[in-house]
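Just the one chain here, laid out as structure tokens, in the form predicted on its own.
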């Protein structure tokens, strides 16, 4: 049972500073855009997780040279559509929806069929939301199971810009179309429901022709094909989704204080902070600065004894979509009934997270009311778990594992949490940081 984490006592108070792993969204986007640039690009603090390793392996299979050094990674780009397309090529996106969807966008000009596969979890996810717009560019798709992986893509020589409506708030789908636009003549016009905007910021930084107009609910994006993309170096900031677990841990622990250094605080990603602050969490930014359009700050968190319930505004959903499991845990310890709605997108993630989040809270003794796209959580501020809780069979979802770990450290009980190596998907140093916070020195 080496792959099981056992926790049988709550974490003691602490006052520490930590650094979390590099931002996953930016790491994958850097890998893909560096592969399309002309020359040698370098990234520092690149997240060395399974998802990012899958991205590096994929571009290597497509003929791009990658060099890993101790403190940085180098990619030798061969320009836009500079990939080498071999016969019978298979790309394994493993667990990464971001990689699977974004890389398909870059392959709309492939002159040979390329097969995409993924792990059990990714193979259950809907890929039609991205194959539909990529077909409009001219790509062809061949499915073994309708709308799911494995699938094969065959590109077209003549790729023209399209009009695309993205109305789910999916940054992956929007970004895939943006990457396809690098190969398209004319203009690609996108009307996209608000979602994280890392791809737009990177396009601006790289001087790719892009225009953006914003309304309250949608962004209107126009992209023209660039002649070339210059090689670029990038220092990747800490991941806010990874940081969120330690925000919750500190908020729910007694007499504790934590500073998380150099975190990406992009406004399209800080919904978790806005939600937790509305619930009474003590979270503030220090040392704020701008880096290539991205906002970066140190995040200071202090324990909070009085947490209140929230009727969560749905407009915050897309900027907190990866953090809702940990938000649900904080709601479980808040006074009153919290209500979260319009969250069907949560069941489109690595596992059905809305359902699993509810199930874990129920096992902990927290009452929930669940529908297909909403959840009510009946908070218990004085919750103290005394029983044994076993968490397994959750499609090895890294965020389910990390939520359960934070629950065990803040709510008591005797926990056995299976598949601890699932953290390697997004946050390999998670358990090392937990150990650091537990140690008094």
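Numbering follows the first chain given and starts at 1. Not measured: the values here are computed from a predicted model.
The form predicted together with shikimate-3-phosphate is left out here; the points below concern that form.
Of the candidate stretches 71-79, 281-289, 168-176, 225-233, only 168-176 has residues with heavy atoms within 4.5 Å of shikimate-3-phosphate in the predicted bound form. Looking at residue 24, you'd find a heavy atom of it within 4.5 angstroms of shikimate-3-phosphate in the predicted bound form. Interface residue remark: residue 98 is counted as part of the site for shikimate-3-phosphate in the predicted bound form, having a heavy atom within 4.5 Å. Taking the partner from elsewhere, residue 124 is found to have every heavy atom lying beyond 4.5 Å of shikimate-3-phosphate in the predicted bound form. Although the partner is absent from this view, residue 262 stays clear of shikimate-3-phosphate in the predicted bound form, with no non-hydrogen atom inside 4.5 angstroms. Proximity to shikimate-3-phosphate in the predicted bound form, defined as a heavy atom within 4.5 Å, singles out one entry of 219, 294, 322, 119, which is 322. Interface residue among 94, 333, 109, 349, judged by heavy atoms within 4.5 Å of shikimate-3-phosphate in the predicted bound form: 349.
Although shikimate-3-phosphate is not shown here, in the predicted bound form the stretch 114-137 places heavy atoms of just one residue, 129, within 4.5 Å of it.
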